[in-house]
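Presented below, as structure tokens, is a lone chain in the form predicted on its own.
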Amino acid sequence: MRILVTGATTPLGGEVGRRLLTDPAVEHVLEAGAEPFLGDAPRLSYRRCDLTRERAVHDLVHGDARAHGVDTVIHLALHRSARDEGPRIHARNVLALRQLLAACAAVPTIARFVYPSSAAVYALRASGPALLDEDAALEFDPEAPQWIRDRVEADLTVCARMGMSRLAIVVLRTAEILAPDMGSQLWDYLRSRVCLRPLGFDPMINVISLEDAAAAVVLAAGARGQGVYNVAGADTLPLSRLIARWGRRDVPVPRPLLAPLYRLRAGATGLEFRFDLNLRRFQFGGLIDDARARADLGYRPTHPLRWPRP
């Protein structure tokens, strides 16, 4: 395999790249990112580019990828900050993806496209199922924060190409990757010594380690066929237990107070946790069913999180 990895300088991109370079079946890895690249390894090349620019996407795919005979593309370039909004962010999350898909479909050697999405695209409601499979409803609320709307639109953009493109396309809807610099809302939430949660609610939460998320991406790149797959992590526990295992103080608070309290916290500390992004999850939970990924991709979570406390 010869693989192009976008978003290579993100934590997930770095872990995916390391795994690919240890796989003897991978002949070459072409990495792309917005930042300068200081690493070096056999079978590795790097292209610095801005994927929101159509010319940059063309040069990456029709230039570097074609020259290296790339047959598989893994797209990991997604804006991670929940505080940033507007057309520039939408261009990074959605428009760049559309341009990349179109460019890849025009290169004969490229046969496979892997897009790690997020379980955050699912709609969580009190009357909804407790276990979400790949056919569960997505979040189409027009009042949802842009962070969610962009992810839903990007997910649907890729899914719409299945069966209409010659590319074999895989979408991975992963549980939240609880790791630094991944845009994880829970990671930011747990940085406070005191964690507020809705009074009367203690939902079950599933989280995935960076290692397991990367393993799922690599499995998807080397598999056959196409489809949408949920990817769950090894750790499922109540929110209160998650807080305790992180060594934080758990304080239940009446729900109407949480949004204003966390807005004040964000303004005072610069942290990015937004209660409006997590309101339904912190009330109703919403675990994903990864049976399809286990059966088709051979995925198994084997790297539980390293908790600060047992």
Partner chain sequence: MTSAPARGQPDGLPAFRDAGHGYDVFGLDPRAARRAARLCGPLYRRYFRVTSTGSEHLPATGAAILVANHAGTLPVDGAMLWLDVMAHSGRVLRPVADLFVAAFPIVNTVFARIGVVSGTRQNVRHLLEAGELIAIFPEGTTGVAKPFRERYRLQAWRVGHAELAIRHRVPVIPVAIIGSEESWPVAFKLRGVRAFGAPYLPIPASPVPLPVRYHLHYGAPLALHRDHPPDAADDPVIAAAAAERVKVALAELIARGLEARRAGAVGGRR
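On a predicted model such as this, the values are computed, not experimentally measured, just so you know. Numbering follows the first chain given and starts at 1.
A second form of this protein, the form predicted together with the partner chain, is not displayed here; the remarks below concern that form.
**Asked** Looking in the predicted complex, is the partner chain within 4.5 Å of a heavy atom from each of Gly200, Pro238 and Arg294?
**Response** So, yes: the whole triplet contacts the partner chain.
**Prompt:** So which of 269-277, 22-30, 52-60, 238-246 is the stretch with heavy atoms within 4.5 Å of the partner chain in the predicted complex?
**Reply:** So the stretch in question is 238-246.
**Prompt:** Looking at Gly128, Gly227, Gly222, Gly183, which is the one with a non-hydrogen atom within 4.5 Å of the partner chain in the predicted complex?
**Reply:** By the 4.5 Å criterion, the partner-contacting residue is Gly128.
**Item:** Candidate from Gln146, Ser192, Thr157, Asn206 lying within 4.5 Å of the partner chain in the predicted complex - any heavy atom
**Value:** Spelling it out, the residue with a heavy atom inside the cut-off is Asn206.
**Request:** State yes or no: in the predicted complex, is some non-hydrogen atom of Asp133 no more than 4.5 angstroms from a non-hydrogen atom of the partner chain?
**Result:** Yes.
**Prompt:** Looking in the predicted complex, any heavy atom of Ala168 within 4.5 Å of the partner chain?
**Reply:** No, Ala168 stays farther than 4.5 Å from the partner chain in the predicted complex.
**Message:** Would you classify Ala232 as touching the partner chain in the predicted complex, given a 4.5 Å non-hydrogen atom cut-off?
**Reply:** Contact check for Ala232: yes, within 4.5 Å of the partner chain in the predicted complex.
**Message:** Can you tell me whether Ile288 touches the partner chain? I mean in the predicted complex, with a 4.5 angstroms heavy atom cut-off.
**Reply:** Because a heavy atom of Ile288 falls inside 4.5 Å of the partner chain in the predicted complex, the answer is yes.
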